[in-house]
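Shown next as structure tokens: one chain only, the form predicted alone.
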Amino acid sequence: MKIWFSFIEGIRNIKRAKLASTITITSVAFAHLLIGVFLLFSVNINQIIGDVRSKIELEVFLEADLSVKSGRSVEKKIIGLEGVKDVKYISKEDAAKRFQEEFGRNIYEVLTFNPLPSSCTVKVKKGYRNYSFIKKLSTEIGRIDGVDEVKYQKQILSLIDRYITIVYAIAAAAGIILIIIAIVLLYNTIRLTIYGRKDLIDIMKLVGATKTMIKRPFIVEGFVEGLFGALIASVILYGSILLIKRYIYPYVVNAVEIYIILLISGATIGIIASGMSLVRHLKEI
């Protein structure tokens, strides 16, 4: 019964201060919409970078006079290294066939001999597809007897690892700032509501109402305003993504987890802001 009373009073608080509540809900919605955009951006960037990383391979060129048996031996040694997912051995004959498929001409029509070296294509496991590890792996492979040269996309990996951290740091900083703004807005709204109900709070104290009973409606108010603001942001974000997928870019990743995070964030911020305001301003009344 007490909880139900607190819930009803919290809703009434919102109705009594319609303008302040509307401004707060709108502000929270806007802040969470931006947070949602940052989260969505991060998810899609992760997806794109993950796709790029998954295509990163090491080309291991073997010594020109290495036999097929020795080449297979090198292949086995490489597959035993940490982080290696798969190794494909390509003999000189296979290299000649690939040349013909790509260029439409037989290598023996161009030259009287096959100058193409045997090689191994190395794929790396997920979680190991970063510049520092692949550089280390390249060095280890280069030490194997029979290996002539190891090549991989150094520049692409280096750029990804260098700038992705900066992008995430900026996104995280922006998200923290937006969360702080949302907390401040809710904090001030609850504070105004407390002062606006000063007489009622005094009466409740006189009739023996506990601090918990006085605080609950304000906690409910903050919870509802935060949750509702986040819900509005989620609906706008979801609708925008559907339009983007339909008319602009169909491959946008629309993760359900983003909306769950937004709703939890809105409700949590509402409770935190209410609690902070109550601790400080109820003492002044």
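Numbers follow the displayed sequence, beginning with 1. None of these values were measured; they are calculated from a predicted model.
The form predicted in complex with a further copy of the same chain is left out here; the points below concern that form.
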Practice item. With a further copy of the same chain left out here, work out from 139-147, 120-128, 162-170, 79-87 which stretch has heavy atoms within 4.5 Å of it in the model of the complex. Key: 162-170
Review point. So, in the model of the complex, is residue 220 in contact with a further copy of the same chain at a 4.5 angstroms heavy atom limit?
Key: no
Review point. So, in the model of the complex, is residue 74 in contact with a further copy of the same chain at a 4.5 angstroms heavy atom limit?
Key: no
Check your understanding: So in the model of the complex, does residue 91 come within 4.5 Å of a further copy of the same chain, heavy atom to heavy atom?
Key -> no
Check your understanding: Even though a further copy of the same chain is not shown here, does residue 26 get within 4.5 Å of it in the model of the complex, heavy atoms only?
Key -> yes
Review point. Considering 37, 66, 255, 241, which brings a non-hydrogen atom within 4.5 Å of a further copy of the same chain in the model of the complex?
Key: 37
Review point. Using a 4.5 Å cut-off on heavy atoms, what residues in 235-256 are near a further copy of the same chain in the model of the complex?
Key: 249
